[in-house]
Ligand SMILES: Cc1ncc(COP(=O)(O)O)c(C=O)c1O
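One chain follows as structure tokens, the form predicted alone.
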């Protein structure tokens, strides 16, 4: 069978913008996106402002850069930047979200009434249940496991095939006790895309909120939050946005702002933060109401460089190129007799292709010694070619995987 030919070869013109690609065959974007030189320039501008302006840089430059970063996120998600809340990490964003749900877990009548006013068909009584899946990242579950002393029940829906969890199985776990369904847009091991429209419909019908962890999707899977029913969306810049660690964000559907009131908060959530009033808390009228303390401006500067490139290329083209490279990887791995643990349909797959391995750590270490960078998770070598990878790099990866795993077939040159 002929191997697929990836589209958008013109995107390889951007390889020169990524110093890491000169140092290694880098196929690990799902763990950490390579840094673009644009991020270095943005960081240097931040340092220059610090050197030349000192604290005045906050007012002359840095607050504007934070606003521009919110606009960047909003632009690729189809919503105004004013709906975006900046966070230091997805964990920090989830802590804020969890604080808004504590009254629901208690069955607070006023909180339930606010949700009903927002169009969420909740009844009376506590909603102590949070539903997630066995394939989701631990951060999703830990936030509510930490609230078990408050009576919160975390329900983990199992996977039958190790790749997916069906909407029907998730729906079966949602009842009148469920406050929230929390799930990844793309599962971090199998790369499987979840049907968010179907999940939204089930949640809306049963009075549960839907939270989507989109860290493995943002910048890769075209998403329009402006036309979706997703209630809460969290993501960050570490992976497919090429923005490094230290910057994440949250988007709460605006219709829920008056219903979901945070009790984990900080001075950036204030409507009048520069009044410096210690005895008053008036939440900002936009997405900033869910922010915490002072954002990391150096991290934001780096993130702006990555976002500049993502916006310039466009998520649709990034998606097509990356999924095509995934198809190529799967076809070559099949030909070499490797165990592919991935979704075959590219429309249902993000940027991850997993290869089964009994001792994946040793395989990943051996590949690293040869200058090929991938990652491992229990039982798999996790590969994630991105738009800047060449077909030859994917071929070399599969060739060396076959060598280390004992795969069959003719060596690829």
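Positions refer to the first chain, counted from 1. Predicted model, so just to flag it, every value in this text is computed and none were measured.
Only in words, not in the display: the form predicted in complex with the named molecule, which the text now covers.
In plain terms, the part of the chain that comes close to the named molecule in the predicted complex, with a heavy atom within 4.5 Å, is 214-222 out of 214-222, 146-154, 294-302, 339-347.
Residue in contact with the named molecule in the predicted complex (any heavy atom within 4.5 Å), chosen from 238, 104, 232, 310: 238.
Scanning 82, 270, 228, 89 against the named molecule in the predicted complex with a 4.5 Å heavy atom cut-off leaves one residue, 89.
Among residues of the shown chain, residue 137 is one whose heavy atoms approach the named molecule to within 4.5 Å in the predicted complex.
With contact defined as any non-hydrogen atom lying within 4.5 angstroms of the named molecule in the predicted complex, 188 is the only contacting residue in 159-189.
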